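Read the single chain below, which is given as structure tokens and is the form predicted on its own.
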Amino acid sequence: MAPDNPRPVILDVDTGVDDALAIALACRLPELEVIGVTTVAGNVDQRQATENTRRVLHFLGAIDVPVAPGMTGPLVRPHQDARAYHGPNGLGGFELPPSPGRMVGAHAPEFIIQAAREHQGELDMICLAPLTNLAVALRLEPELPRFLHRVVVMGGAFTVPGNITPYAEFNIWVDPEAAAIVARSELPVTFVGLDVTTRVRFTREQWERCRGLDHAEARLIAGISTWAFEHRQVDSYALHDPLCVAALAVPSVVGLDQAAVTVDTGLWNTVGETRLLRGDGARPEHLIALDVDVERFTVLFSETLGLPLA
């Protein structure tokens, strides 16, 4: 049974493969009402991320969800993408039909601020990309932490190695200065990092079974997964971004700790490293996901999107 009052949520994305699946999951979960999607440079450049986002929403029949393009690069560093992982167009080379869906006139940070004011104390954000848009929004509106209800961030590697360097997770590494601004803020942040996201996976067997299904969600995941299973020749890939969506909709799917978070913004090989800092009253504390109910997430993800279980 659908909740009487689904939570309004903005997704902040750099739409690659797992962002697309996260968008699909957020649009289908009855607990959430996606009121907008903002885009930023990350997995691909901002223009490609915006186009991918619009096409994914259109393919899912969510054409009324507005898309607001955001920052075209990190705050101070050159942008480095992840096309090698996500394919030449960010969607594993899968070509979706163009979208007639609407773009909003507001720039992404402005859109975030306007929506937060309109839904004061009720709006959630799910940040699945470098945190540039959110950091800029914080600089423009210092009261933003008071307006937002919860911010779930796909970012960090607190007790495990990184996935772009031995120290850093990709989203934090791309724009560590933005991540540091968010970590130092009073925003009600839940960090969902590699400690848990690498444990929830989409397998080759599931993909092969998806290819026989004929509904939008199955066609989307079958198409965008081809790059991973045929070009990269992996046996499975992590569902980083979908887990963040699930963690907001059904918080008990992850086990949470609480601590302050620091982000390395130096010039050395540890840049982007995230560390937990306990007992430091000078820094705001956030929630950090360090455990996950893999079976519960797998069932939630598969049943919501009409996909076969592993």
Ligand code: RIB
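Please read all numbers here as calculations on a predicted model, not as lab measurements. All residue numbers are counted from 1 along the displayed sequence.
Although not depicted, the form predicted in complex with ligand RIB is the subject of the following passage.
F170 is the sole member of F170, F94, F202, F111 with a non-hydrogen atom lying within 4.5 angstroms of ligand RIB in the model of the complex. Site annotation in the model of the complex: the residue of I224, A115, L148, L194 reaching within 4.5 Å of ligand RIB with a heavy atom is L194. Using a 4.5 Å cut-off to ligand RIB in the model of the complex, each of D18, N43 and H240 places a heavy atom inside that distance. When contacts are judged by a 4.5 Å heavy atom cut-off, N163 counts as touching ligand RIB in the model of the complex. Though the partner is left out of this view, L128 does reach within 4.5 Å of ligand RIB in the model of the complex, counting heavy atoms only. Among residues of the shown chain, M154 is one whose heavy atoms approach ligand RIB to within 4.5 Å in the model of the complex.
Screening 240 to 248, 58 to 66, 280 to 288, 266 to 274 for residues having heavy atoms within 4.5 Å of ligand RIB in the model of the complex returns a single hit, 240 to 248. Contacts with ligand RIB in the model of the complex, taken as any heavy atom within 4.5 Å, map within 84 to 100 to H86 alone.
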